[in-house]
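Just one chain follows, in the form predicted on its own, and it is written as structure tokens.
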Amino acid sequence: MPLVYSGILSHAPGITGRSHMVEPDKEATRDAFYGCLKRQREAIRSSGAEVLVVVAAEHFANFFMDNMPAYCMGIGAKHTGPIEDAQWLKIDKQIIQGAPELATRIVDLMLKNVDLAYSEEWQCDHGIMVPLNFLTPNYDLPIIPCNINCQGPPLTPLNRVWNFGEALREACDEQTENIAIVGTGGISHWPATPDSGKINEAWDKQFLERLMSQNKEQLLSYSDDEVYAEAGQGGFEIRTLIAAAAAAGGRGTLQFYSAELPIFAVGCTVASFEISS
């Protein structure tokens, strides 16, 4: 079974860029989060993964509203990042190894079921670079980046996101390489607004319970209006997490969640899923 791992984790520029600004009484929570990310890295390595597919959110790093695909996969031999200022993000500029032959095979198969765009040029912003900073800090694991438009309406419907995750799984299952997938985004958060740092913990926990239990009906019942009202514009990134859950097919285990680090401007989440047969 070539899909050997599927999980989720939060991304936000503050997770790396503002680590030093965490209040002293919250440092233990920060360190516990970082420790869980280290264990996620070890789990991916232990799975035998040869390639990591990162399903993230488009933040206008590669596309803008004059051309915004619902889904796009990077098929280049290399990627670059971060697009943001390295000193601000506290992540050095990198050239990241891609997996062009495998990515192209995956795209070919997914196009039978999903309208998937692809690009040989890819700039990674914090949505991918923050996860890579923890999951492959030496950048020695080939990466296939994939973004879902979670930024500019009209947004892809959640049932289509589920179909995307299933199509990704089907494509992975036809490969010989061992593949890991992570979906990375925020749950409730209000980035780049006066409400930055606000987290709707109750809403987050309800969503995560539905995600971990693979409650497809409830997961796909959210409307964009509801998400915007309860989880902010950053909440549209639940699409990346739903895609990872759909790809796995099995129940999830929530390994970490905390709303106690508002300096990161997102709830801190780590989880993994069982890979269904």
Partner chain sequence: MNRDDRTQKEFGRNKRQVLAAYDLTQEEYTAIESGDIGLLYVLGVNGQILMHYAAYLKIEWFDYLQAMRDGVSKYGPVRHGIYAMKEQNRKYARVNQLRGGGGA
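Keep in mind the model is a prediction, meaning the values are calculated, not measured. Residue numbers count along the first chain shown, from 1.
There is another form of this protein, the form predicted together with its partner chain, and it is not shown here; the text below is about that form.
This chain is displayed without its partner chain, yet in the model of the complex the stretch 195-203 from 132-140, 195-203, 113-121, 165-173 comes within 4.5 Å of it by heavy atoms. Here is the short version: of S47, Q214, T29, N62, the single residue with a heavy atom within 4.5 Å of its partner chain in the model of the complex is N62.
Although the partner is absent from the chain shown here, none of L52, G98 and T104 has a heavy atom within 4.5 Å of its partner chain in the model of the complex. Interface residue remark: H79 is not counted as part of the site for its partner chain in the model of the complex, having no heavy atom within 4.5 Å. Its partner chain is not shown here, and in the model of the complex it never comes within 4.5 Å of any heavy atom of D92. Mapping the unseen interface onto this chain, D108 falls outside it, with no heavy atom inside 4.5 Å of its partner chain in the model of the complex. Its partner chain is not shown here, but in the model of the complex it comes within 4.5 Å of a heavy atom of I83.
Residues from 11-45 that approach its partner chain in the model of the complex with a non-hydrogen atom closer than or equal to 4.5 Å are P13, R18, M21, in the order they occur in the chain.
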